[in-house]
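First, one chain by itself: the form predicted on its own, in structure tokens.
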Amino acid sequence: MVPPVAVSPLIKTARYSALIAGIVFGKRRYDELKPIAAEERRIEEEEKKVREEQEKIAKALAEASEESILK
């Protein structure tokens, strides 16, 4: 095997600086998008409740309009 090459301190500093900058950027971006996603989930939940209620009504109407032996 080849022995490891000594990496320049400038390159090490640049790599760790980029890593830290990426972590900070990611945290800020996450904090920016979190409330937007929460609002979208809340709206989707409300729409889901309305959609389920409409499906329940449509199903009840379909069952009521079917031909029955009892009629």
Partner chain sequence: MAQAVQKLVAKVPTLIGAAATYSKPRLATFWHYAKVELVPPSPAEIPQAFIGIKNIVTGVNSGRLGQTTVKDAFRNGLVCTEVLMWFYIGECIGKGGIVGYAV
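No experiment lies behind these values; they were computed from the predicted model shown. Numbering follows the first chain given and starts at 1.
The same protein has a further form, the form predicted in complex with its partner chain, not shown here; the description that follows concerns it.
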Practice problem: Please check if residue 13 has a heavy atom lying within 4.5 Å of any heavy atom of its partner chain in the predicted bound form. | Solution: yes
Practice problem: Answer for residue 57 alone: is it within 4.5 Å of its partner chain in the predicted bound form, judged on heavy atom distances? | Solution: no
Exercise. Although its partner chain is absent from this view, report whether residue 43 comes within 4.5 Å of it in the predicted bound form, heavy atoms only.
Key: no
Self-check item: Residue contact check: residue 64 to its partner chain in the predicted bound form, 4.5 Å heavy atom
Solution: no
Practice problem: Can you tell me which bits of 1-36 touch its partner chain in the predicted bound form, meaning any heavy atom within 4.5 Å? | Solution: 1, 2, 3, 4, 5, 7, 9, 10, 11, 12, 13, 14, 15, 16, 18, 19, 21, 22, 23, 25, 26, 27, 29, 30, 33, 34
